[in-house]
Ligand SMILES: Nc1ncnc2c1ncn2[C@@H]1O[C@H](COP(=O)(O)OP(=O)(O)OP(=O)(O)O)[C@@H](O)[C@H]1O
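Before any questions on binding or motion, here is one chain by itself as structure tokens, the form predicted on its own.
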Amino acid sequence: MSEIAFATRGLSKRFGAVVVADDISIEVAAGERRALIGPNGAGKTSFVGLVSGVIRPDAGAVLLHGRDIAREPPHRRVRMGLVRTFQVTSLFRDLTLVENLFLAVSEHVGASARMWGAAASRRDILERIDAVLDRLGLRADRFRKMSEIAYGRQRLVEIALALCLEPRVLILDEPAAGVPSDEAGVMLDALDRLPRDLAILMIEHDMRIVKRFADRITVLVQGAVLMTGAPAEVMASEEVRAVYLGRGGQARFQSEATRA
């Protein structure tokens, strides 16, 4: 059995009368590609906030390779290997691609105070960045300002930034949001080239992307896990079709799953 890289145990959170996480327990194995799906308001964003440390849980555990990190602040979780991307890009548009990555890595390793003056001497950081850019096919853009790079490739830069922080578990929060459909394949090809021992949890609503990416899918509804299974099993579930898009949306759900 593969080692469990990331897990939650009884993760719960409410804001007044609103329950956003209701006893969520999931396990993601090392090297697994897991998708988390659900209708609007299912609690996906709150779940990411809970596991990344932005939101403090009322109860439950967040386990990173067996260690409970539920009370650790976000920056500590990153340094321990739990790294996430965001739905909206947070890159510095007037800096080049490599400057954006160098800034992030320097902060991560505690060298940001002397970042620019020491850049030439930090070959370790530059080599780490170049290796990630090669893996994602971004080397040609390394000296271009972010404002000059197409949005679809900016989403790849967000993934590059996360990889430069050397994650053990990577959480992708709707990485294809705003990306033209003809460019989504580039992102998926890049994900296919990532290390196979890296556990990835992707929050996504596009079923075509989910079906191509995921080994397993977890369905979240009203802050609780409805089911977890292989893509074919989840997409064939009448209950999932009903709650994911509503009774009237079952045909569209089936159409997207079939075309994936």
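All residue numbers are counted from 1 along the displayed sequence. Computed from a predicted structure; not experimentally measured.
Heads up, the form predicted together with the ligand isn't pictured, but that's what we're talking about next.
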Tell me, which of A42, L50, L64, V28 has a heavy atom within 4.5 angstroms of the ligand in the predicted bound form?
A42
Please determine whether T218 contacts the ligand in the predicted bound form, using a 4.5 Å cut-off between heavy atoms.
no
With the cut-off set at 4.5 Å between non-hydrogen atoms, does V20 touch the ligand in the predicted bound form?
yes
Hey, in the predicted bound form, is H205 touching the ligand, heavy atoms inside 4.5 Å?
yes
Going by a heavy atom distance of 4.5 Å, is E174 a contact of the ligand in the predicted bound form?
yes
Contact stretch among 32-40, 65-73, 193-201, 209-217 - heavy atom within 4.5 Å of the ligand in the predicted bound form
32-40
